[in-house]
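Only one chain comes next, encoded as structure tokens, the form predicted on its own.
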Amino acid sequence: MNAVFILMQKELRDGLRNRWIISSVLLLGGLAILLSLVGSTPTGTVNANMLDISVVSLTSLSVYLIPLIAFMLSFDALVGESESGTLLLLLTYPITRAQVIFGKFSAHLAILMLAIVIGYGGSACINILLADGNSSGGLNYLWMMLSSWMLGAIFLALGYLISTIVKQRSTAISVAIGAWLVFVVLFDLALLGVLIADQEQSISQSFFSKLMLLNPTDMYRIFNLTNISGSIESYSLAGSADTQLFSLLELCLTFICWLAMPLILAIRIFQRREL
């Protein structure tokens, strides 16, 4: 565990040196504050508090930004060091390949956590100030921040899987961008096409809802819609899902499965990979 902690510290220092932490905080915080200020208008018309409105807005924002930030952090975590020769040097020390992945992964998780807590947390403070100290909806906002971190962890694990499979950094970034497009854009378009083609309405709402669990970004939307009061209308494809079909425990377990599978697979592949 000491080796994992030392490697984690090294990656955190690299994140500060490369300004990943500062850039992520500014990006998430700036856009979250902007959405909060713009999205505060509907609160009086839909009878909802500002924090719940912000959860809806930030959920739509996070499915694009969080996976992108996670991929940018992780796509070259292993293949980049392999190309530069530092990975071979690192493995000459008394550290296992699994510890290398756990150390780097923990550091990137910490970077994401800092970005979300400072960026989204700062936006929440501004919302509360604008609402004259009204913190109603704060628990939903905390759930949104936690689920955003879990979503980032899933895409970090996917990024590590990509980084262990490919052999060149340029290939890794191409595959990561392709994966981002599939999960964030193309999967929902495919589901929408299925709904349009299903003119006989043979696909039930429950089956459609279960299909959405095949995509972590849609699962993230369902998770947050489950916590929000029914007075807020959803404007995404996830609004077609039956949010009452899943309990929070089931959604959390699905999140864990999505995280564990690519991470375990990345460790297995990396352990058998020739450097």
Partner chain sequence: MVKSDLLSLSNISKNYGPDRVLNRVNLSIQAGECVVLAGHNGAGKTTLLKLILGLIKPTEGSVSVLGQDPVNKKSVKAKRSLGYLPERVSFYESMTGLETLKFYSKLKSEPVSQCAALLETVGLDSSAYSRSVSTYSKGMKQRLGLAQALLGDPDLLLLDEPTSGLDPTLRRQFYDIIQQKCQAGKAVIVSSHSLVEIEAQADRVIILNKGSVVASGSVQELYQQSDLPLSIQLSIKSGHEQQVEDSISTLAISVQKQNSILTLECKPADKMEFIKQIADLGDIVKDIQIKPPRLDDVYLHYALSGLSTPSEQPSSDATSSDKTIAETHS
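Residue numbers count along the first chain shown, from 1. Note that the coordinates shown come from a computational prediction; the quantities given were computed from them, not determined experimentally.
Just so you know, the form predicted in complex with the partner chain exists too; it's not on screen, but the next bit is about it.
- Proximity to the partner chain in the model of the complex holds for all of Asp14, Gly85 and Tyr93, with the criterion being a heavy atom within 4.5 Å.
- Listed residues Leu89, Ile196, Leu129, Leu189 were compared with the partner chain in the model of the complex; Leu89 is the one with a heavy atom within 4.5 Å.
- Proximity to the partner chain in the model of the complex, taken as heavy atoms within 4.5 Å, picks out 96-104 from the listed stretches 158-166, 177-185, 112-120, 96-104.
- At least one heavy atom of Ile6 is located within 4.5 Å of the partner chain in the model of the complex.
- In the model of the complex, Glu81 approaches the partner chain with a heavy atom inside 4.5 Å.
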